[in-house]
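In the form predicted on its own, a lone chain appears below as structure tokens.
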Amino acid sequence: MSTFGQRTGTASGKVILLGEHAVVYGVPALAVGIDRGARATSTPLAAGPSRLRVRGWEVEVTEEDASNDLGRAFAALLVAVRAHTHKIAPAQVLVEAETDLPPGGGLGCSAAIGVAVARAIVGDPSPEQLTAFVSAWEKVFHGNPSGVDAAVCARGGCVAFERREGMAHIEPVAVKGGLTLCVGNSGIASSTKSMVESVARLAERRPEVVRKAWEGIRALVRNARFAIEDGDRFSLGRLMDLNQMLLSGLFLSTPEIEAMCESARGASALGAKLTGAGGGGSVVALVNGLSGAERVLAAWRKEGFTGFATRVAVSGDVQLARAAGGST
């Protein structure tokens, strides 16, 4: 009989405030955990194979299921768990997970599920173990992920993230006065893998253009960190707008994203930009409190877009929204 009991794991969703794509090339990024995310529960099985069931998606896979990405990701995570742990995780498990993050929305859905699943299986993995587990999971979905999603989903709060010589360097960033954000869904799913590959192709064709974009984003991220630590939301919003201009110049924006950014700014948002891979997915708008959030959400609804308001989440304090699709 197994000595392991039922375990539960949680994770925050994430929003990148500045620095997406550039972070893959060694430029720092700023990201925050949000109060939506994922939860998972594991139960030991007497015999294999291990199974993963995602409630709400009506999907169940086993570690032997190589026919889809979810099955392959689950298998890769389990291989990493078995390689990095000794007698602290059951050999076979049933994991039931749920999320209120839209897949392909640029909000760290896959990373949040991976973090929650890993914590549910292992209990309390070290940061190094968790990084290994979720990196194996994320590579199946995204090919060459920066690691920022997993880092933020695991920690919450606000972080500065940078890859140096293949290693992730993460620093917590103090948020003075708090941040209120609106996150909107463009209605078009985005593939991180395909968008990262498109930037790589552009870098091959026009290296000077991409290099200048990364230099610009590096400066924006540096100043945005100062603005966050000083509580200067007006400057932070302007810097987000400038980051959106550079991302648009790399062909990562879409007409829907541009319309949502313009609509948010017209409704008194301090700044707005795509968040995540681009090519669809989500938009993040910085607003002044809940009244500002209500104006932006109303403007988006008028144009047929859904969204929600959020503040920076504390790691481990994830409240799952129960509304269909996680939108209001």
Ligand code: MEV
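Because the structure is a prediction, the values reported are computed rather than measured. Numbering starts at 1 and follows the sequence shown.
Keep in mind that the form predicted together with the named molecule is missing from the display, and what follows is about it.
query: Only one of G104, P145, P90, G237 has a non-hydrogen atom within 4.5 angstroms of the named molecule in the model of the complex; which is it?
result: By the 4.5 Å criterion, the partner-contacting residue is P145.
The unique member of A277, I34, A269, L297 whose heavy atoms fall within 4.5 Å of the named molecule in the model of the complex: Checked against the cut-off, the match is A277.
message: Given that the named molecule is not shown alongside this chain, does A309 nevertheless sit within 4.5 Å of it in the model of the complex, heavy atom to heavy atom?
response: A309 lies outside the contact set for the named molecule.
Close approach of V196 to the named molecule in the model of the complex, 4.5 Å, heavy atom: Output for V196 is yes: heavy atoms within 4.5 Å of the named molecule.
- prompt: Going by a heavy atom distance of 4.5 Å, is L17 a contact of the named molecule in the model of the complex?
  reply: L17: no contact with the named molecule in the model of the complex.
message: Test of understanding: in the model of the complex, would Q244 fall inside 4.5 Å of the named molecule by heavy atoms?
response: No.
- request: Would you mind picking out the stretch of 74-82, 203-211, 188-196, 128-136 that comes within 4.5 angstroms of the named molecule in the model of the complex, counting non-hydrogen atoms?
  value: It is 188-196 that comes within 4.5 Å of the partner.
message: Under the 4.5 Å heavy atom criterion, name the residues of 22-37 that approach the named molecule in the model of the complex, in sequence order.
response: Sequence-ordered list: V23, V24.
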